[in-house]
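Quick setup: the structure tokens below cover two forms of a single protein chain, split into structure 1 and structure 2.
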Structure 1
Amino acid sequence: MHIVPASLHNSLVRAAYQQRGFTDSEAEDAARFCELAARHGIKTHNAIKALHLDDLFGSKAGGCVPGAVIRDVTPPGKFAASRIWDAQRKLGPSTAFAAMEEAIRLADTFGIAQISVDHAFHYLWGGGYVMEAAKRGYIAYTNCTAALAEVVPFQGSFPTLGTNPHSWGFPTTEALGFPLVVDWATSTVAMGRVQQCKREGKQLPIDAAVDAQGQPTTDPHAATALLPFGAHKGYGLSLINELVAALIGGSLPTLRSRPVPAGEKRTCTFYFQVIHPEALNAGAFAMGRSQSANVHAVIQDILGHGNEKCLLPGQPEAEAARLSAHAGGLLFTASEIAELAAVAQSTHQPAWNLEDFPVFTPAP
């Protein structure tokens, strides 16, 4: 791994988005998101993936509109703790950051809040948004429909579902030292992992993908579609996203990000929920514990009894952030730097040369 200064990384991301016509604030949101992903070791949804998505389905293909303005279409006088937004194909991270802020504001008043978003462009790593809310003391959840239908339903043969992630964040920093983040695509791996394996010359896990003939494959170059994790269980969780999307306004999964007939839709949908912990507090904790102390006690019990070496969701991301802090920058592989060097060249930014980025050696 090589150390890249966050300021240099963010400057490159901002320049790439500004070159594509995005506003300064949108470019700043993109840089903020991509730094957040890189800092926490998220290889499948970093700047490389963000720009790749925009190339395929975003500003160059009409799926994302630089400078778009979100419309609040909530019925007047109804649903005080809810907001219904038409993103008008605004940049995904800009929409998601704004939605989470609005949900937090509403949860401070009502205890719980939800934001549904139609006509959206993919926000990439949902875990980042719930993590940031959890760091501020809230329970947060989000799901979305993926940019493409590339997952085969359980016992099916044709991809009609998205990778459709679910992301939960819990305010456990006081109890654990980091927020607990449960974040997963409903496919065995994300398509970003397929791209990462291609980049790094690695194989896919067994029962993660199929080739063009619908046969299981571990070759990322042969993979054309993905399989749900846990067979019928991942399938059911993926289906939840499609049903929530259908209720919001999302259309047929197989049409997303593809050319559509007149009157049809090709955009994603988002759903956000934030809960203030005090809105759940029944106050009768055993042994006179506080709410936070009770959370800590429950986690310690789960990790006790010989389970002390078990990882908690969010722990790998917290460890990656610790390593980034120790390194004093963001950590990228040589192949990732080569990808970012190509972005620098295409945006007329200072050249990225591998030898300029020191190798990171973790402390023993």
Structure 2
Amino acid sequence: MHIVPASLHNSLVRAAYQQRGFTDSEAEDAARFCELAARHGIKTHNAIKALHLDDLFGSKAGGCVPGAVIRDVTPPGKFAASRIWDAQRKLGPSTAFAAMEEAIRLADTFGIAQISVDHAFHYLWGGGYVMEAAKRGYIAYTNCTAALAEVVPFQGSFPTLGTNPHSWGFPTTEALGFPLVVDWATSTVAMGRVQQCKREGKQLPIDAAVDAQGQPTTDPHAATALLPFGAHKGYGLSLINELVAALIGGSLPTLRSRPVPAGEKRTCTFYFQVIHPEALNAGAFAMGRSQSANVHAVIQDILGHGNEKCLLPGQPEAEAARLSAHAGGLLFTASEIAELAAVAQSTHQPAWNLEDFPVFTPAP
């Protein structure tokens, strides 16, 4: 891994988004998001993926509109702890950061708040938004509909569901040293994993994919669609995203990101929720513990009794952030730097040369 100064990385991301017509504020949000992903070791949703998504479905394809202004379409005078937004296809991270900020503001008053977003453009890594809210002391949740229908319903044969992720963040920094973040897609694996197994000549896990006839397969070359994790349970979790989307304003999952007939919709939706932890606190913790000390004691109990080697969700991301801090920059592989160098060239930024970025070797 090589160390890239965050300021250099962020300048590049800003320049790339500005070149695509995004406003300074949107370009700043994109840089903030991509730094967050890189800092926490999220290789699947860093700047390279963000720009690739923009090429495929975003500002170059009309799915995302630079400078779009979010409209609040909440019924006047109703639902004080809720906001309903029409994002008008604004950049996903800009919409998500703003929604989380507004949800936090409302949760401070109401204890719980929600923001629903129609006409959204993909926000990339839901875990990042809930993690930031959790670091600020809140419980946060988000779900969205994924870009493409790649997942077969439980006991079905044709992909009609997205990989529909759920992300929860908990304010456990005082108790555990980092926010606990539960964040995953509802498919057993992502389509990227199928491609990776193909390249590496590996088999897929069982119950991860089906072939063109809808039969389960572990052969990545035969796999044409994914399966939900945990049989009917993951299927139910995936349906939740589609139902929430359908209630907000999302349309048929098989049309999403694809050419649609007149009158149809192909945009995704977002749902955000924030809870103030004091709005849960019944104030009667055992042994005179504080709320935070109680969370610590409960987690110690779960990871005690011989379970000491278990990881907590969010721990790998926290470890990546620790390494980034230790390195004093963002950590990228040589091949990632080559891709970022190409972005630097195409946006007329100073050249990125691998030898300018010191190799980082984590202490054992």
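Every value quoted in this text rests on a predicted model; they were computed, and no experiment measured them. If you superpose the two forms and keep the largest set of C-alpha atoms that fall within 1.5 Å, you have the rigid core. Residue indices: 1-based, along structure 1.
- Working note: structure 1 is the copy from the form predicted on its own; the remaining copy is not.
- Shown in the overlay between the two structures, fitted on the rigid core, is a CA shift at residue 174 smaller than 2 Å.
- Taking 2 Å as the criterion, residue 217 counts as shifted between the two structures: its C-alpha moves by at least this amount when the rigid core is aligned.
- Put the two forms on the same core and the Cα of residue 157 is off by 2 Å or more between the two structures.
- Once the rigid core is matched between the two structures, the CA atom of residue 232 is found 2.6 Å away.
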